[in-house]
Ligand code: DC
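Here we start with a single chain on its own, the form predicted on its own, put down as structure tokens.
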């Protein structure tokens, strides 16, 4: 579960991985705020690549085109005075809410299966590593991007619970949503993410797995925070 050393840059990392709807994004951001650390939403980068690909009419089977796009992705994360990410811009246009659609999520899953895209985004993700620490949220944070993370967490939840959460999120944002369709889409995304040859979705061997199906947000944050205190003492 734990590592005795920090990363090669001397900065602690808590890697939080898991499938869509497991709560990793919300938990990661709350933990980052609680610790006063930086936050990496790696999924946003893949969503941005997918969105940029559609805007530039690059096919999802064009590996070289996608890799070139990922390597030169014109994206800006704008934070408030407290360091919390609030707005995301792609090529000068705000897409903070736009990239959270189900279509963007499915596109992200497709481009994430391309190894050359992952290679192009690797250093961009590592660049988020700054003192005093980093909470990294994604699907391969603990296995590929930050294998030396001090603490690795793998969040999961039942397919039904994850679809229900996503349905509520979309409705709250005023977006159209169909629960049955979300179940099918999440199942397909899970299969794609877990069976891809490039960094498949899997818990790191030294990760702590937490099933969030029946847990509230505060409970999960408290549990992860307690785990961090244990390994950092």
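Numbering follows the first chain given and starts at 1. Here the structure is a predicted model, which is why all the values come from computation and not from measurement.
Omitted from view is the form predicted in complex with the named molecule, to which the following refers.
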| item | value |
| --- | --- |
| Contact assignment for the named molecule in the model of the complex, among 117, 108, 155, 134, heavy atom within 4.5 Å | 108 |
| Contact at 12, 38 and 149 by the named molecule in the model of the complex, all three, heavy atom at most 4.5 Å | no |
| Proximity of residue 212 to the named molecule in the model of the complex, heavy atoms at 4.5 Å | no |
| Contact of residue 196 with the named molecule in the model of the complex (heavy atom, 4.5 Å) | yes |
| Stretch in contact in the model of the complex with the named molecule, which is absent here, among 90 to 98, 157 to 165, 135 to 143, 68 to 76 (heavy atoms within 4.5 Å) | 135 to 143 |
